[in-house]
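We begin with a single chain expressed as structure tokens, specifically the form predicted alone.
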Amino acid sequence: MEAKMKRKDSVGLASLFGKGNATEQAMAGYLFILPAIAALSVFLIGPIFYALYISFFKFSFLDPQNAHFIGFANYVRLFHDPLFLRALLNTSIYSFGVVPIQTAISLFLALIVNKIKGKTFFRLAYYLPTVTSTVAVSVMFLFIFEPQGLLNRFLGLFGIHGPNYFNNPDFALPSIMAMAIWATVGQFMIIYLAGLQDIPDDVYEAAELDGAHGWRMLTSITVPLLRRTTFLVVVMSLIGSFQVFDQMYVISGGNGGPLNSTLSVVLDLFNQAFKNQNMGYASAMAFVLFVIILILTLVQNFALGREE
């Protein structure tokens, strides 16, 4: 019955678009994907090219009639703008601090959860912060890190007087990094768990016959076979960390303070685009960030993504 229905469907399509004609069959395929292509063109590809176009203009949406072409001036200005350079430095410190720690903790948790009893509960417990609203997480950490918060009360038990973390330029960015690691480590733990369960038991049994146990098994079997998983985790983590915005916005109130110590590239971009109405300059900033992320991803692909 099912075969007959499929045959009827194919006959119907053939009668609609022509039978036995490769060109007409290809046209039928293109017509099926046309809505998706149209949606991507209007809502994704089109805005990207338009943003690239206005990055060569002095442009504001409040005054589009007076937009004028300035060539690469926005791009040149970026590398002489102390605010952008500070935002780029903050974002780089944030990314190169968060990504390795986040990856190591994710792998460590996945290794533990993969072996213990009640793994479903621990998977859920570690994954909960990932599905929690960033604003709610930020407010919770504001409570923990405030001068009379939980952390300083705990340190007070040992006679340590903790700082005002989010109002201290030396502690504000590391505190946000700690918050980001806590909030996203569960997501990457789930990815590592999937990678661990994809390793055949035969490999471990063969390694045991060769005398490998414990640490040797981890470094010689598990970690090398998780190479592709690690590549995925590092790429996703790095892209997310270079695009950090919401935590910085909530903690600093949108100004990147104190003393620009929590100003990220995307927060600076947001301020230039929607507070200063300097859309051309903000577009140039977005494409510089895109190039940085692309280069780092290619480097990671060269280091981790190649097949042996």
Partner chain sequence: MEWVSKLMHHKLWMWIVAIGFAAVTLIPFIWSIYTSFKPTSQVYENWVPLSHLSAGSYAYILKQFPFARWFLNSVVVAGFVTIGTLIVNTLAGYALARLKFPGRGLIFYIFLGIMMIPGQIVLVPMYMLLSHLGWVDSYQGLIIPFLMNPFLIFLARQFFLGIPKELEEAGRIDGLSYWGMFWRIFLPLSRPLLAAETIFAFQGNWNSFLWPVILEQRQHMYTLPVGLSSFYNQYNQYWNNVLAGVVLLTIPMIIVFLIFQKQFIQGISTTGIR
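Numbering follows the first chain given and starts at 1. Here the structure is a predicted model, which means the values were calculated and not measured. Whichever C-alpha set is largest while still superposing within 1.5 Å between the two forms counts as the rigid core.
This next part talks about the form predicted together with its partner chain, which is not shown.
Fill in: Heavy atom contact within 4.5 Å of its partner chain in the predicted complex, the stretch among 208 to 216, 76 to 84, 89 to 97, 168 to 176
Looking at the other structure, the answer is 208 to 216.
Discussion item. Since only the chain is shown here, I'm wondering whether residue 203 would be in contact with its partner chain in the predicted complex (any heavy atom pair within 4.5 Å).
Written reply: Contact check for residue 203: no, nothing within 4.5 Å of its partner chain in the predicted complex.
Discussion item. At 4.5 Å between heavy atoms, is residue 163 in contact with its partner chain in the predicted complex?
Written reply: Residue 163: no, not in contact with its partner chain in the predicted complex.
Worksheet item: How about residue 279: is it within 4.5 Å of its partner chain in the predicted complex, going by heavy atoms?
Response: Yes - in the predicted complex, heavy atoms of residue 279 and its partner chain come within 4.5 Å of each other.
Discussion item. So, residue 45 and its partner chain: in the predicted complex, are they within 4.5 Å at any heavy atom pair?
Written reply: Close contact exists here: in the predicted complex, residue 45 approaches its partner chain to within 4.5 Å, heavy atoms only.
Item to complete: Select from 28 to 50 the residues with a non-hydrogen atom within 4.5 Å of its partner chain in the predicted complex and write them out in sequence order.
Response: Read in sequence order, the residues that approach its partner chain (within 4.5 Å, in the predicted complex) are 28, 29, 30, 32, 33, 35, 36, 37, 39, 40, 42, 43, 44, 45, 47, 48, 50.
Discussion item. Checking residue 254 here: with the core superposed, does its CA move 2 Å or more between the shown form and the other one?
Written reply: Comparing forms between the shown form and the other one, the residue 254 CA shifts below 2 Å.
Discussion item. Residue 239: after superposing the rigid core, is there a C-alpha shift of 2 Å or more between the shown form and the other one?
Written reply: No, residue 239 moves less than 2 Å.
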